[in-house]
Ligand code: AMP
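Take a look at this single chain, the form predicted on its own, given in structure tokens.
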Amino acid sequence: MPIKLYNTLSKEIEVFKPIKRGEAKIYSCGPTVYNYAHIGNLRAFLCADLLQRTLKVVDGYKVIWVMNITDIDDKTIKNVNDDSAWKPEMGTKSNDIIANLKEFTSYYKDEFQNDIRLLGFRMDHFHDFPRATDYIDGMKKLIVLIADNGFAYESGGSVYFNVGKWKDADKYGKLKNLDFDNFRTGERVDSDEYEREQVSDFVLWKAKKDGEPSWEFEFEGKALIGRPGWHLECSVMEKEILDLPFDIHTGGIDLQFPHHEDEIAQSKAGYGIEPTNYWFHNEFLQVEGQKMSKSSGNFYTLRDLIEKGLDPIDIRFAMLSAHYRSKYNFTFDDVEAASKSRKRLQKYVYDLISNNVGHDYIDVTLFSEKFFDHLKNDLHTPKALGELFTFINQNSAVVMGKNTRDEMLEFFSEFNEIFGILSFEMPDEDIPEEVTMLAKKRIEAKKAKNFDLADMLRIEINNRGFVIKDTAEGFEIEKL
């Protein structure tokens, strides 16, 4: 059974057919590094991680995965200019606006990468983390191409994409139905993000404003000092790193419009080709049944949840247990249930490893095929996990003979390459597995120079009745 994915472009579940046999190129819209990523962002990245791991493990694809870093937009500029948003670790602000932008956003880029490490991402799975500000020249070239083809115009020192002309030449609204009834030719929007479906000409190059970083741009004989609009960066990075078209573009459903719709228009108007063959969008995250917002008091980053005692790997498992195209309702009870389920799977693996007396042979082939077939069918993790728990409910690890144990350990090895939640090292019997995992995460945080997080994890270890001591080899854990 080949892998099938829901394609937002066609609104259908389609068999995945790569452009190059045996290879899958994936571009994921990454974080805007103006602050810590919230758990809604993290769900989108986890869904992309599930996708790329499944392609590797289930069908053996070589995956080339790129995730961009948005380090210039309205949000980053606002926070860079806000003295209260600066942390001592960032250094001292200077009179160089671009240098300040790089310093500020580099801090949050590193914090984001620390977060996803804690959530079980493997950094060697990424091909590249391109930063928008490294591709300014490419953005200028794309604007010129779009204008040469008749779909951009200058006004007031800014350059806009002419949606009116484009919708007469091609379809604008491929991913989402848009409100063209209220469209007025020449109506423009300058902000990088806007929450409406009314169509307007969108900005490609924004004229310089006080306090904003800026670059020189020669456009149709005019010197336009300013910066690129947000939508432009992805079109350029996709072309320069992956070439067009590539296989799969991922992102949250909130990015369908305007960001992804504008990507399609820019790429096709400038480069003359669709950017990607498959659009992969995950649904929204809610918290305790409500939209996440700071005003509601339910806005969480990963560090907020760690402070509340949650294990990042349990958060990973909870989020991956829901289907990516269903709204996910984050609750503390759900994470606790996921923790219990993960520990049950972990104990089953430990029983398989330590069992030397079982003799029963159990055919695991049918179960394994059903499990992976559910993943191949649009990454249906709830059904796949249902098969797994049904199997372990019916088949005890301690009675299995060696051949069955070997087959099950091979299954769990592949399972873990996708879900990334298990350990195959037997724990110290006197120290709970979760304490050991917290200690390992603390060492990772220290290596990444994330000392605030390392301190948080040390306190959590103490709260569980243990103390961690650093050694030349790593660490030791003792009971308090």
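These numbers come from a predicted model, not from an experiment. The first residue of the sequence shown is number 1, and the count goes up from there.
What comes next is about the form predicted together with this ligand, which does not appear here.
Enquirer: I'd like to know whether residue 141 contacts this ligand in the model of the complex, with contact meaning heavy atoms within 4.5 angstroms.
Expert: Flag for residue 141 set to no.
Enquirer: Please run the contact check for residue 318 against this ligand in the model of the complex: heavy atoms, 4.5 angstroms, yes or no?
Expert: Output for residue 318 is no: heavy atoms all beyond 4.5 Å of this ligand.
Enquirer: Do residue 45 and this ligand share at least one heavy atom pair within 4.5 Å in the model of the complex?
Expert: Residue 45: yes, in contact with this ligand in the model of the complex.
Enquirer: With the partner left out of view, is residue 284 within 4.5 angstroms of this ligand in the model of the complex by any non-hydrogen atom?
Expert: Answer yes; at least one heavy atom of residue 284 falls within 4.5 Å of this ligand in the model of the complex.
Enquirer: Please determine, with the chain shown alone, which of 160 to 168, 338 to 346, 261 to 269, 275 to 283 has non-hydrogen atoms within 4.5 Å of this ligand in the model of the complex.
Expert: One stretch meets the cut-off, namely 275 to 283.
Enquirer: What is the one choice in 38, 446, 440, 56 with a heavy atom within 4.5 Å of this ligand in the model of the complex?
Expert: If I apply the 4.5 Å criterion carefully, the residue I get is 38.
Enquirer: Which pick from 252, 130, 213, 312 sits with a heavy atom within 4.5 Å of this ligand in the model of the complex?
Expert: Among 252, 130, 213, 312, a heavy atom within 4.5 Å of this ligand in the model of the complex occurs only for 252.
Enquirer: Could you list which residues of 8 to 31 come within 4.5 Å of this ligand in the model of the complex, counting heavy atoms only?
Expert: Those in contact are 29, 30, 31.
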